[in-house]
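Listed next as structure tokens is one chain, alone, in the form predicted on its own.
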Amino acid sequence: MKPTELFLGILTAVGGFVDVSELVFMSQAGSRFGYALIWVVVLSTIGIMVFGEMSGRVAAIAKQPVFNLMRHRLGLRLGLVTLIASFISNMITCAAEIGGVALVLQLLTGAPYPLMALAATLAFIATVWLLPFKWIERTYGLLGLFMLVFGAALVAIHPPWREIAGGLVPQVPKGLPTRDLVAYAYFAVALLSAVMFPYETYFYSSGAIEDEWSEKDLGTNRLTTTVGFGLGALLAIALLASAAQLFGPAGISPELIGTVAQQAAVPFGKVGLLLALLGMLFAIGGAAIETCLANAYSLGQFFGWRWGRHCRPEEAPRFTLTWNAVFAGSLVIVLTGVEPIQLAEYAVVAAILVLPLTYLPLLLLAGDKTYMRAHANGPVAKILGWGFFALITIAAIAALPLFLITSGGQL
């Protein structure tokens, strides 16, 4: 197996886990509740590994991306509702990512935020227009690995490893007043949604088809979902644990990207800060491209258009028009002045609401021996798949009330 075959998983993991919502939610969760929510990150990571592996396997064997399944398994009406809801969620997320990249560029250059948002959008359009799919994977996947500085920073500040290990055990912190318990529940649901964002499976399964996966790639699929998503989880936990040690005792709520980047600056100074900002730049940029292409993939697959970056623009005009329009619409949202972090909060809630409808058709087809033959879900995959489906359904029911009661975790 060539190492380059892992780039799809790395890009999905780094862009999916460590996007603008992850940066802030993980840091805020650590600052407010210490290490008590690490178990949610681990549990959610297992969930996205399960569904990511299924989506790659279905793409390799049945040659079916997620939204092609959506229409056939949910029917036109319910499938259309899911399409619209996921499109809105992805558009908001893409806007949040563009805003996040603009903030990082502003910190690096001192240039005005609106100008940096425009520059970032044009750079993303040029990237998708000019680079083959594999090079998009490689560029953002590898450069996003500058984020590893956060892992090194955690080691350098000598955290209490015993307490971090204790966070792996499912728990509700003792002695919290009622309003903090409700906020804890909100952050648990928000972290679950942020880790299991549906656009990750849209992008991953479509990317598998773009890369022409077949039965011989099933091993690669298992490895990329395990290594890629596992890497993203370790980075997320490093962000949470660093915030718990650095920001929690000082009562600091890291609501700005620059504040989050300071986690690497504490042990490593200006070099750490620069590496952190560069890693954030490419990780968030990768997420912006993922969410944009996820919307274009979704529309193309649902309505039966020709789609894919393997096609020249004139060969797939509606697909090309869609991803350009998503970038343009996202830029317009950013230029209204809405804070990227606020957009990320809206996107996380919107995403959790569509998670059950996203993963239900995937579960049904992955277990269908007519399509999957010998590669249909086995007993373990069935138990894990339906178990996580029940979990995300409960989370989807609770998400909106918790968001409203806690004012997005600000209570």
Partner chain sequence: MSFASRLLVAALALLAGCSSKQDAALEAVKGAHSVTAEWAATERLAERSRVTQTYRGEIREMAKDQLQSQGRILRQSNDPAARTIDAIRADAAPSAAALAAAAKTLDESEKRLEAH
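The shown structure was predicted, so the numbers you read here are calculated from the model rather than taken from an experiment. Positions refer to the first chain, counted from 1.
The form predicted together with its partner chain exists for this protein as well; it is not shown, and the discussion that follows is about that form.
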Suppose contact means a heavy atom within 4.5 Å; in the predicted bound form, does that hold for all of 115, 127 and 313 with its partner chain?
no
Please determine whether residue 318 contacts its partner chain in the predicted bound form, using a 4.5 Å cut-off between heavy atoms.
no
Might residue 162 be said to contact its partner chain in the predicted bound form, defining contact as any heavy atom within 4.5 Å?
no
Taking its partner chain as it sits in the predicted bound form, is residue 258 in contact with it (heavy atom to heavy atom, 4.5 Å or less)?
yes
Interface membership of residue 32, its partner chain in the predicted bound form, 4.5 Å heavy atom rule:
yes
Using heavy atoms only and a 4.5 Å cut-off, determine which of 237, 120, 277, 196 is in contact with its partner chain in the predicted bound form.
277
Only hit among 245, 220, 139, 253 for heavy atom within 4.5 Å of its partner chain in the predicted bound form is 253
Report the stretch among 106 to 114, 78 to 86, 143 to 151, 203 to 211 that approaches its partner chain in the predicted bound form to within 4.5 Å, counting heavy atoms only.
106 to 114
In the predicted bound form, which residues of 166 to 194 put a heavy atom within 4.5 Å of its partner chain?
179
